[in-house]
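Shown below, as C-alpha cells, is a lone chain in the form predicted on its own; questions about how it binds or moves come after it.
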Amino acid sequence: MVIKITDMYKNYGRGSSAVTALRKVNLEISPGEIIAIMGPSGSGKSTLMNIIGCLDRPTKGIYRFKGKNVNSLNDNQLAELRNKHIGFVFQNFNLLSRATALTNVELPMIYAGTPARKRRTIAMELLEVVGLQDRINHKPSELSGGQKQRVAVARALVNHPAVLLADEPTGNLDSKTGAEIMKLFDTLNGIGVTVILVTHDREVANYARRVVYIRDGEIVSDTRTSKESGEGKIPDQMPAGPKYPPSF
C-alpha cells in the first residue's frame, strides 16, 4: 500500500469559528493505480491533495505513506519525503519564465545538489519521454500550453516519485491538448507510475480506473471503473523510447 489514510479530519481555526474541511476520511491507494479525486469547489479535495502531498498536516487521524506514519515526521523529514517520493503537476505549470525547458526540468536536481552532467542527462531523457526532445532549449514563452505541461510532468518525474499528484492538470488547456496530456498520464501509469488526479472535470476522471468523490469534506463514493488499461494510447508526440524510468 503506497497511501493509507485512517479516520482523518482537518480543521481550520478554533472554537465557534472552526471550519472542518475533511471528516472521517478513509482511503487506501495501491502502487500502480490511477485514481481521480473529484468534488465541487469547497468539497475538500484540495485539502486532501495537500495532505497527501505532505504540504499540510491532518488535525486528527493517521496518514501512512509507504508504511511510514507521516504524522510523526518533522518539517525537514516531510520536505525530504515530499522531494524524494512525490511528484507534483499543477494547473498553472509553475515554470520559470526565463529558463529553458531543460533548466526547468533540472531545477529540483539543482536544489538537491546533483552534479551538472548527471542532471542534464536525466533531464534530457525525461524530456524525450514526454516527447519534447526537440524543445529542450525553448523557454515557456516559446511553448504551447500542452508543451508547458509536458515540461512540468518531466520535472515531476526527476526523482522517480512513488506518486505523481496532478492538481487540475488540464485546467488551462483546450480540450484537444488536455486529452493529449491525459494520454501522457495514462501512458506513464501503464508503465508503473501511481497517478492521483485531483479534478472536477469528468473528462479527466474518465482516464482513471477508480473515482473517489468528496462532498462537504467526506468521501461519499469510491468506485472502481470497468475501463481497461490503455484508454490513453501513446500519442504521436511520444517517442517509442526510452521507457520511464530512464536508465540513470
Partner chain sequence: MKLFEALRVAFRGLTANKMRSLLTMLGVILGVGSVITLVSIGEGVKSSISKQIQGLGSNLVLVTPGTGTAGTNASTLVGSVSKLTYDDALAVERHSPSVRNVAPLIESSATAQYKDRKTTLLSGTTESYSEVRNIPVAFGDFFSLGDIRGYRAVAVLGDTVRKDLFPGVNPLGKTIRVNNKDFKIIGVMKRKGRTLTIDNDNRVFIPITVAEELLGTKQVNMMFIQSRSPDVVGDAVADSKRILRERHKKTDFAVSEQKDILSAFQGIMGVLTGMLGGIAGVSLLVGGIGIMNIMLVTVTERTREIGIRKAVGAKRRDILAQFLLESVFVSALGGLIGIAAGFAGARLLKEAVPRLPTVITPWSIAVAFLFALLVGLFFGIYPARKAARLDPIEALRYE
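Residue numbers count along the first chain shown, from 1. Whichever C-alpha set is largest while still superposing within 1.5 Å between the two forms counts as the rigid core. Small disclaimer: the values here were computed from a predicted structure and weren't measured.
What follows is about the form predicted in complex with its partner chain, which we do not show.
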**Item:** its partner chain in the predicted bound form: contacting segment from 55-63, 22-30, 193-201, 215-223, heavy atom within 4.5 Å
**Value:** 55-63
**Asked** Is there any non-hydrogen atom of I136 lying within 4.5 Å of its partner chain in the predicted bound form?
**Response** no
**Prompt:** Quick one: does T103 come within 4.5 Å of its partner chain in the predicted bound form, counting heavy atoms only?
**Reply:** yes
**its partner chain contact in the predicted bound form: P108, any heavy atom under 4.5 Å** = yes
**Asked** Wondering, does L126 line up within 4.5 Å of its partner chain in the predicted bound form on heavy atoms?
**Response** no
**Message:** Since the partner isn't included here, can you check whether its partner chain sits close to all of N50, N92 and R155 in the predicted bound form (heavy atom within 4.5 Å for each)?
**Reply:** yes
**Fill in**
Only hit among S175, S141, S72, N76 for heavy atom within 4.5 Å of its partner chain in the predicted bound form is N76
**Prompt:** Rigid core fitted, then: does P161 show a CA shift of 2 angstroms or greater between the shown form and the other one?
**Reply:** no
**Message:** After core superposition, I'd like to know whether A112 moves between the shown form and the other one (criterion: C-alpha shift of 2 angstroms or more).
**Reply:** yes
